[in-house]
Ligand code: NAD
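To begin, one chain is listed below as structure tokens, in the form predicted on its own.
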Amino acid sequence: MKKLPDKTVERLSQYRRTLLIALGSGKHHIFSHELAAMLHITSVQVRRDIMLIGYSGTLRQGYDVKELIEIIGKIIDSKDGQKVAVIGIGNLGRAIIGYFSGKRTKLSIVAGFDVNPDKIDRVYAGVWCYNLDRLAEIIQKENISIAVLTVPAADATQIADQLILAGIKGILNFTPRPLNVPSNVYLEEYDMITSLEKLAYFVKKV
């Protein structure tokens, strides 16, 4: 299959999460309009995305929930799984480790890094926190390909450069500092302040 657009991959992840919830509640088939309503998008968009991955349902029953979960998994997940490191074990870093623990079998957080002596050599939700000085060593030893960056903004660029030199291929940047990465590194940036300000704009009294 050819490379999918960013937004399609994002929606496929959302579909899988929603389908897993549906399956857990005993639902075995689902129509595009039901899936669309749960995610606040159009049924046309759902059908386009699912057709793009080569799957189709039936007019009578819609999509087979378990089957569609498995197909999305084959597309999104790596066959052998991928390992993730969290850089910065502050409140946000610890929350991410705790929340993500056990959520996906093919994607696992295996290491944390910090410079604070009170956090180093401790375990957070099953994840060992290393000294940042050992970044390259542990990334290469554990074959870690993805990093979640939750450090202070002033340190973001320098640490991102270290991650890239260590062989990281994907960075999820939670800092407000925009990053520049080479074309062979995939960057996803999320700014919570911008998201909150966007919400504030749309709910403010005119």
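Quick note: we count residues from 1 along the sequence shown, nothing fancier. Note that the coordinates shown come from a computational prediction; the quantities given were computed from them, not determined experimentally.
As for the form predicted in complex with this ligand, it is not shown, yet the points below apply to it.
When this ligand is considered in the model of the complex, only one residue from Pro152, Gly167, Pro178, Gly170 comes within 4.5 Å through any heavy atom, namely Pro152. This ligand in the model of the complex is approached by Asp191, whose closest heavy atom lies within 4.5 angstroms of it. Under a 4.5 angstroms non-hydrogen atom cutoff, this ligand in the model of the complex has Phe174 among its neighbouring residues. Remark: Ser101 does not count among the residues lining this ligand in the model of the complex, judged by a heavy atom distance of 4.5 Å or less. Using a 4.5 angstroms limit between non-hydrogen atoms, Ile159 touches this ligand in the model of the complex.
Screening 24 to 32, 56 to 64, 41 to 49, 143 to 151 for residues having heavy atoms within 4.5 Å of this ligand in the model of the complex returns a single hit, 143 to 151.
Contact residues in stretch 71 to 92 (any heavy atom within 4.5 Å of this ligand, taken in the model of the complex) are Ile87, Gly88, Ile89, Gly90, Asn91, Leu92.
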